[in-house]
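Following this are structure 1 and structure 2, which are two forms of one protein chain, each written alone as structure tokens.
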Structure 1
Amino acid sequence: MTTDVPTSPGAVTVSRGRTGRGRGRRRYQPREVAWAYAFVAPAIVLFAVMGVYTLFWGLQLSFVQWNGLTPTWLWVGLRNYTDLLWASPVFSPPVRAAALNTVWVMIAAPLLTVVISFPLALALNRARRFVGLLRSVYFVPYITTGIAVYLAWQYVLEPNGAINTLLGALGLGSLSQPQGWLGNPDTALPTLIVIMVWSAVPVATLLYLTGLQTIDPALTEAAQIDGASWWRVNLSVVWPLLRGITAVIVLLNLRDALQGFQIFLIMTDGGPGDHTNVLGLQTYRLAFQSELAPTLGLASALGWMLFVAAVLVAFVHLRVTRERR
């Protein structure tokens, strides 16, 4: 059933679908229209308050200097944006450093997730015994991901933690990190990326598994009859058929990498020093960790820049994948 946009209140016309009782249009009575509006009103009001108003208010905030307390704010125009990008020696250097870290996360996290989850899904799809158990085991990181798991990882990664102990026991003590994996500025960010990937692989694997089960076995059998090896079948037949799922996985991970900061806040708070600060965390810091300095506008401006970046990334990614199809 499709509903036309009403030209005036009380003049709503509804064209019935093909399964309806008739193809003709019927005019609703004003009272019926009023009822319709009454039932739709809560959703519209909630969206107007929680959605439109918040968006507009947030956008307005990005052009002002304010600490969230004073009854008035100072209009600064685009200065928040220029300060974050280049103009301020205080605010732009951490943003640039955080942007660089974010870019690394955006490259590494989706790539590693795909590289690990696709072969894992292929292997799980071939498994004939303990299928349910194996799939449950690989899904555990997803259902346990959260603050508790991040704290558990901290213990594993500290100087006397399980990883350093294990490396020592294996005679690989030279690879251990005396300051802990999160304490060394050179290993902290890669370690966090690995944990992000660990958290993302289960869903990606599940998506790939779903995709694999929709592929017509005749396609792979035909390739095998033509003499293609297992690798060749998966790379030249299966992988292209799952390109759409790969696009979704990459897009989800890009979004997480660009806007998510939970793991960075909980595990390192951007440290050591500023070596794992990312743009999402920098936004949080400007909003809530600046000791009531009037930086809420800067936080909002950075949030909007992240939004634009996310839209651009999604647009470019979708264009690229569509062209390949």
Structure 2
Amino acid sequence: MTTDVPTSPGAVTVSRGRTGRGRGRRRYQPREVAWAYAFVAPAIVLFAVMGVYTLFWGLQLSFVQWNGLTPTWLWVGLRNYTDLLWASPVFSPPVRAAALNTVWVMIAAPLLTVVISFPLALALNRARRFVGLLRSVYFVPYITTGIAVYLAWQYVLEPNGAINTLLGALGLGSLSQPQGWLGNPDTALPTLIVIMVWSAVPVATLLYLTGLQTIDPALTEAAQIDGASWWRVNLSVVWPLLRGITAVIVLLNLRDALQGFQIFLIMTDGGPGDHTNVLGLQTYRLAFQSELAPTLGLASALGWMLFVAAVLVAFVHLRVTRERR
């Protein structure tokens, strides 16, 4: 037998998810609800100011011509977008070149990260000795400060750096780069992609390793009993089970490739000759490296195009992944 608990006026009733007998309800008093909203309010206000407000402020800036300092701006409508895409002979060529470089990064970085991190996770999962040490060593590139790592890589990739010195010591001096690996237009972008992959592999390996440890050993044992080789077991049994983790890894790398520019700004600043310029760096240049030129609206427009592109990539990626399940 159940009894009803009297409630005061204005009390909030919340149903609990219990099934069967003894189903009850928790009734919150107005004072409790007020305290709950009071604790949540600072986070909501901070998100509204730093998120929603700045989002729409940036959208408004994408329709004006302004340098960020003058008291007034000039409304130009969609001209910023057309200038970036095709209309302006000054702004559209760098954007197209940066877009091509960004596409190369979006293709190469996720692909190489998956190709390297999955076998690495398989090897770590089979290790029986020094497992903790090996995992710590592989995770070092991720926890190291980005700027310090990039400066160290710059030193290694110099004309007299460690890589050219090592190639010369091995009798492979013909492969060395006299102007440095970041000074050669043919090797600058591939070198930066390799460094991005080097930084992304630890997290991807950890995600794959976590997924491997959740797979029921009976599945792989059954495949081995049926005569499947080690490669066949991992490609036909293990790999499909980790498809969701692969989707997350690819999506994270696509996001970094599309919107990230820190490595390009610090290591090459888009050079040599804009061969490593990407869309994120081009946005930064238009916003902060144009002196007093009224290009802040162009930067906002390019930022919004990047945002829309990121949303579309995520949507298409999730749809394709869902259809393959």
Partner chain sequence: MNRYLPRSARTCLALATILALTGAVTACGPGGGGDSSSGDNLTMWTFKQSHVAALQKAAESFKQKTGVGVTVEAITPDDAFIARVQAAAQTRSLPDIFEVHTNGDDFTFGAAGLLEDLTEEATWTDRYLPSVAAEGTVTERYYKQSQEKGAKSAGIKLNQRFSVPLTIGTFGIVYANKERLTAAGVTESPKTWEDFVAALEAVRRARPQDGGLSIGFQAPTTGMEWLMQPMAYGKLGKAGFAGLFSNDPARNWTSANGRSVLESYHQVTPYWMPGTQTLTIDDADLAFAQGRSSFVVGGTFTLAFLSQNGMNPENIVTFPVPSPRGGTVPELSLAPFALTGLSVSATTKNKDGAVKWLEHLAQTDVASQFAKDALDVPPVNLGDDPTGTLGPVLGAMIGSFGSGVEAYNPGDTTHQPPSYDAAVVARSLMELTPLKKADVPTAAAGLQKIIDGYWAGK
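This structure is a prediction, so every number in the text was calculated from the model and none was measured. When a residue number appears, read it as a position in the sequence of structure 1, where counting begins at 1. For the two forms, the rigid core is made up of the largest set of C-alpha atoms that agree within 1.5 Å on superposition.
Matching each structure to its source, the form predicted on its own turns out to be structure 2. Its Cα shifted by 6.6 Å between structure 1 and structure 2, Glu32 is reported here after superposition on the rigid core.
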